[in-house]
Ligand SMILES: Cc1ncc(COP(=O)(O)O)c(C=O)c1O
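This document starts with one chain, in the form predicted on its own, laid out as structure tokens.
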């Protein structure tokens, strides 16, 4: 009998422990730890990030990965809540990336306003599932409302239009997705289904598939036309939608890195000469290219799409929020001609990860992707999961709606204006420094540049094709090394990419620094420090820039680049460079 009582007590104790884990902090120690860190996060976010998170860390990634190689889940709890929380802050956070640092200017991820953490916490606590009204109710109505607000920012329809559609259960102005990739995918999904719509004797591509669609419509392939600076998500969409990513056709860009309209017209004419065997599914205009920040001539693209009756999609994942700025919204002139537009909330609406959106000019466009299920999304219901690429998802729209109320368009415009104008100042500073060459001027708040001294620039201007190629090979290596060493030092961060540069028939791959100016705390003084650091790394590492030509020639003659020391490279840097490779 005593043994049975002990067993029952032990079982009861386990149940109590489980209940405490699920419902409340386990003890006072847990409460102390939670208060210690959560108060810092909630009321001193920037100080918390400076103290606990670094841009990079000296521990190599390979060594760090050894700490995270345990693949077993314990049957019983390993640690108490306060221990896990402390581990997150003190052992994992230091090896995360402080994207909020004003010296972090390399990617489209930046600081967020401190209140976003509060809003995210509330949304997590509510745990609404927007797939269905039964798991969201009012949150779904807020989402319809905020979709209408951003739709109005893009398309500027009448009051009557928005009064009709804001809470209309039969129409949809757009949808929230996880990111710009899924937003682009959804836009092209709708375009594909509209192109291969149901007709007598054919139930549509969504039911019958692409092979049957091609056969019924008498074509051999469908293509998407986009600038060669288009985001790689469009290639993904080509694969997922079944048209094949080789049929996402890159169109050349002009000297300003915008889609070349003449090249587009030539491509369309070539397609028309296929006797209808090739159909254009969509033409995509970019409003803020990932690498250069440039904006395609949207109005001209819209007019061409209207002329040829082609779906016009604008990938405004980056540049879309520029519409809030009275000073710079003209840069997106023509966006209202788009049939669909994608925007990322976690980019220049400064929301926490992750939030994408897609909008459609026609409130009935999304009917082509409607799905129903008796247990969740029934015909005639107002469930937002009916016309969505996602199933279950959180109420991210509550965060955006709240942020718009807190910031207003003027607040967001201040962020947008700061980024564009500071990027312009940065470009001027780069031009002043004889070690650097500005490669792409900022149209929004992204620019590219490289280490290329005035002396070397003169050699490039006067040299022949082979000489230029050899010099650029050497420059590419120098810029790679400087970018890696700056990243490893951890004081600041600028990313790098490859830009094609030169005459139409002689374009070369150029390694460049890519900077993204979106943190409102990033000033021209900080950007000067970033350039100072790059100059110092260059001086410390490379002592003979004149040897670039000889270095490039040796590569051109077939010697493996990893066997050739860079010009003037110190031995310890050669070893470090090999490790970083």
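Here the structure is a predicted model, which is why all the values come from computation and not from measurement. Residue numbers count along the first chain shown, from 1.
Just so it is clear, the following notes concern the form predicted together with this ligand, a form of the same protein that is not shown.
Student: Which is the contacting stretch out of 172-180, 327-335, 115-123, 256-264, given heavy atoms within 4.5 Å of this ligand in the model of the complex?
Tutor: Among the listed stretches, the partner-contacting one is 172-180.
Student: Quick one: of 450, 346, 151, 192, which gets a non-hydrogen atom within 4.5 angstroms of this ligand in the model of the complex?
Tutor: Of the candidates 450, 346, 151, 192, 346 is the one lying within 4.5 Å of this ligand in the model of the complex.
Student: Can you pick the one in 340, 101, 397, 184 that has a heavy atom within 4.5 Å of this ligand in the model of the complex?
Tutor: It is 184.
Student: For the spot marked by 108, 288 and 317, is every residue within 4.5 Å of this ligand in the model of the complex through some heavy atom?
Tutor: All three within 4.5 Å in the model of the complex.
Student: Is it the case that residue 433, even though its partner is missing from this view, gets within 4.5 Å of this ligand in the model of the complex, heavy atoms only?
Tutor: Taking the distances in the model of the complex, the answer for residue 433 is no, it never comes within 4.5 Å of this ligand.
Student: Using heavy atoms and a 4.5 Å limit, would one call residue 233 a contact residue for this ligand in the model of the complex?
Tutor: Yes, residue 233 lies within 4.5 Å of this ligand in the model of the complex.
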